[in-house]
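Only one chain is shown below, in structure tokens, and it's the form predicted on its own.
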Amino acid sequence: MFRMELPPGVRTILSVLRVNGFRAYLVGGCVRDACMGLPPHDFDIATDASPREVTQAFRDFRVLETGIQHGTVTVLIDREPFEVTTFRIDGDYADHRHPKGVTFTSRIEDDLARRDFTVNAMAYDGETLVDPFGGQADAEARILRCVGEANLRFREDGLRILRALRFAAVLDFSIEPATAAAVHNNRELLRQIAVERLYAETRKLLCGVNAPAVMREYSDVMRVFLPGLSDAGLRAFERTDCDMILRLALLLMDTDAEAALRYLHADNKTIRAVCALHAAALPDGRHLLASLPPEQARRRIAFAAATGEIGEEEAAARFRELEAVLAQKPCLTLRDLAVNGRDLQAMGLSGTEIGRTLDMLLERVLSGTLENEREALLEAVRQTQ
């Protein structure tokens, strides 16, 4: 029999609603995760109470009307927020994304019938699991299946297409044949979805344990909004660990990565990190660390190994060299030099000559021909005068 451990705040909400004569259930991802033996999170509650009835029931608590037009209010229990939503039936989806309106209902089964996948269409009241579409069996078997007719579900909300791929990647699910076919057949609907939402789902997808298989099987879907994906990039992607920056760099290695990421409204930090992996050469450890921070330097080696630029043995040696250099806390930038511009100015240097000399000193330190010690550096300068 299904059992789920409930946090104190959730028990409080369920209890308050029941005391006031209403039915209340946990719904969505937390129930799915519990069915899979995973720690549940994001405890969303559905109830037959109207938003105003919920607000009245929790009059002794702080209540935020966060989405009251769609039946949702947020109740704060010991400063922790919990969304409480009235059972509802969605209206027509005019834009393949949002329903025109919602109709409140008294039946939890009606509420579950509007959801995307069977594993997300279960409800639990603390004692009994309501599972009209076989979500528990699908969760235990790690199968992703649309509620009802798959093509209709995706035409209602095109983002569900990418959510299906994200769930398959992150939860290591297989997508059942009818749902998989509908994903392929309706992929063009993604063109009507806000690019910010596409990027948010993609970021999560790329870090999934099953992401390589999903990307390989559904590359036609991803190319709807990432047309620059290449077969070589997809093959390289399969040879990496879960690192979102590295995987983005590989997928976009044969296209204008900056343009693709700006189209998706990616943040500047991500854009710089991805493009740096494309632009950076692969010198020895000291020079690599001089051009890239340690995390990026490790990614650059992994990038080279995944693309075949270097072999596995060389990659392992490069990683060892990198860690050995880092352990020495080396001089890698002009700021790390034991002398500075004022020291050179005191020796009679001026203007651009100071900059050129500092660059020369850093290069000699990086190459190992000069120790980063003040007197040694000053003597090297004197020898050039």
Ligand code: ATP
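Numbering starts at 1 and follows the sequence shown. This structure is a prediction, so every number in the text was calculated from the model and none was measured.
Not on display, but discussed next: the form predicted in complex with adenosine-5'-triphosphate (ATP).
Among 73 to 81, 179 to 187, 273 to 281, 109 to 117, mark the stretch whose residues have heavy atoms within 4.5 Å of adenosine-5'-triphosphate (ATP) in the predicted bound form.
-> Of the options, only 109 to 117 has residues within 4.5 Å of the partner.
Report whether all of R32, R163 and R166 sit within 4.5 Å of adenosine-5'-triphosphate (ATP) in the predicted bound form, measuring from non-hydrogen atoms.
-> Verified in the predicted bound form; spot residues all in contact, yes.
Touches adenosine-5'-triphosphate (ATP) in the predicted bound form: D131 (any heavy atom, 4.5 Å) = Close contact is absent here: in the predicted bound form, D131 is far from adenosine-5'-triphosphate (ATP), nothing within 4.5 Å, heavy atoms only.
Would you please decide whether R335 lies within 4.5 angstroms of adenosine-5'-triphosphate (ATP) in the predicted bound form, comparing each non-hydrogen atom pair?
-> Close contact is absent here: in the predicted bound form, R335 is far from adenosine-5'-triphosphate (ATP), nothing within 4.5 Å, heavy atoms only.
Using heavy atoms and a 4.5 Å limit, would one call D243 a contact residue for adenosine-5'-triphosphate (ATP) in the predicted bound form?
-> No - in the predicted bound form, heavy atoms of D243 and adenosine-5'-triphosphate (ATP) never come within 4.5 Å of each other.
R203: heavy atom within 4.5 Å of adenosine-5'-triphosphate (ATP) in the predicted bound form?
-> No, no contact at 4.5 Å.
Report the residue, out of E321, D42, E65, E353, that has at least one non-hydrogen atom within 4.5 angstroms of adenosine-5'-triphosphate (ATP) in the predicted bound form.
-> So the residue touching adenosine-5'-triphosphate (ATP) in the predicted bound form, by this definition, is D42.
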